[in-house]
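Just one chain follows, in the form predicted on its own, and it is written as structure tokens.
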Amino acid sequence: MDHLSKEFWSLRYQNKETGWDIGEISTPIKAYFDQIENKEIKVLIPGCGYGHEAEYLFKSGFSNVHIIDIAQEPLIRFKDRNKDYPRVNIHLGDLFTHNGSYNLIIEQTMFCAINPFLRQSYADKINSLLKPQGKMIGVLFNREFQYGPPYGGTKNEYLVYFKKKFSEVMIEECYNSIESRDNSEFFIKMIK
């Protein structure tokens, strides 16, 4: 089965094969969110899964947070947990065909889930969805895996994809990862 298909990801959720889900917001991303003052910015979380980041932002007063996932199962669970969340901001679909314009895009687990041959297309798509001076922040693996998904990578590899499209690219080792991901994550910030 094609691991890029909605069927593949739906089956993973149905079979509870969701090892990437830590059950809460990622600590490096939470630390970034906690310093944002403007809660009106338009945010997109692609490949949102169960949407812990979106839930945190919404409960913190952010009013314009959009989520998208190719599988419906995690979105149904998100809706069940967040009855007051604006349904118009929940998108079932493929990021690569999504249209919109955002101030901030959050990378949590989508980049490592797609086949590496799509990584440049991903960087291009994220750039196209950002408003001028928009940012993408998040975490990427600072390690490689023999098989995927997930697919890891190196800082030099990531720089190749993102330097083509962004005016500023920051990739640094995470100092505040959860214990199971300690020494295996980069925190990233890209500015259009």
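Throughout, we count residues from 1 along the sequence that is shown. What you are looking at is a predicted structure, and each value in this text was computed from that prediction instead of being measured.
Same protein, other form: the form predicted in complex with a small molecule, not shown, and the subject of what follows.
Comment: the small molecule is not present in this chain, but in the predicted bound form one of 70, 140, 57, 130 has a heavy atom within 4.5 Å of it, namely 70.
Stretch-level contact analysis of 130-138, 161-169, 58-66, 41-49 against the small molecule in the predicted bound form, using heavy atoms and a 4.5 Å limit, identifies 41-49.
Remark: residue 20 counts among the residues lining the small molecule in the predicted bound form, judged by a heavy atom distance of 4.5 Å or less. Contact annotation: residue 90 falls outside 4.5 Å of the small molecule in the predicted bound form, judged by heavy atom distances. For residue 109, a non-hydrogen atom is located within 4.5 Å of the small molecule in the predicted bound form, even though that partner is not displayed.
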